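Take a look at this one chain, the form predicted alone, written out in structure tokens.
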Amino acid sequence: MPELPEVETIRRDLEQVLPGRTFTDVKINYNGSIKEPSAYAIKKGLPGRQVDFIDRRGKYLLFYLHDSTVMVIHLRMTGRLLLFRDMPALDKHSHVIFTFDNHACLIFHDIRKFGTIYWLPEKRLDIVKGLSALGPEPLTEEFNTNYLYRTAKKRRGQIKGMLLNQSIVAGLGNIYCDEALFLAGIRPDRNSDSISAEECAKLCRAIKEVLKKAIEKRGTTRSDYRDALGNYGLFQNHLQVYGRTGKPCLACGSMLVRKKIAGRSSHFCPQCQK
């Protein structure tokens, strides 16, 4: 699933092109991608409306339109948003095609069909499941050592599960949780309430550092992710632990291990992470 760096990369790509552009047509090949309102309502109502700007909240993309409505897209497992200057050849996974007044088209492509699209008045964004319940953005000042420490002390579950909880921190997923915990020297199966204030400070810094570097490298491509221009991310070349099970730790040389933690395959160094 695309995480914060991948979604932010796509947002930045689209923000370079779409603000000020007007929808001229919407073609929907798979109605199941549309959650609110109906596919018919979007096909009839979206053309003629102008994009003001594109924002991101957690793993959600938000297209703010000139008429105070918002199109919300979540890519889920295999979704892509691909931008073309002109209409390209389409395949069976091209489920929604948005065309603009400069002939550019934006294709919502989704092999597994888990991705979702909403189009709502701005004041009704709370009906998008998960969006209104998101915790603070990890790259803001709101997400800090004190917040992380207070939150961890209230919980008895594993730290990996806490970080994956979108109501605690928005946008983190499996890859960047593993990478940040490695950088902070904390095992993903540690109980949250055992993390000290000093460790929380390290973890907070590590999360911000890993996310910034991943955005700089335009995200991580392990399988499905592509940016809005169809290109691979580059951060997979800089991963320290994720996907490196059985390989030597780049810091100490010990063999990296994988363990199912909080329902997810987690990668860590048993020597470097305590």
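Because the structure is a prediction, the values reported are computed rather than measured. We number the residues from 1 along the sequence you see.
Keep in mind that the form predicted in complex with the DNA is missing from the display, and what follows is about it.
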In the predicted bound form, the residue from Ile117, Ile107, Ile175, Ile186 with a non-hydrogen atom within 4.5 Å of the DNA is Ile175
Of Arg124, Lys113, Arg150, His103, the only residue with a heavy atom within 4.5 Å of the DNA in the predicted bound form is Lys113
Subject >> Touches the DNA in the predicted bound form: Ser265 (any heavy atom, 4.5 Å) >> reply: yes
Against the DNA in the predicted bound form, would Arg258 count as a contact residue? Criterion: heavy atoms within 4.5 Å. yes
- Would Glu3 sit within 4.5 Å of the DNA in the predicted bound form, counting heavy atoms only? yes
Query raised in the report: Would Arg76 show up as a contact with the DNA in the predicted bound form if we use heavy atoms at 4.5 Å?
Result: yes
Testing 80 to 88, 150 to 158, 136 to 144, 199 to 207 against the DNA in the predicted bound form with a 4.5 Å heavy atom criterion leaves exactly one stretch, namely 150 to 158
Of the residues spanning 37 to 75, the ones with some heavy atom within 4.5 Å of the DNA in the predicted bound form are Lys59, Tyr60, His74
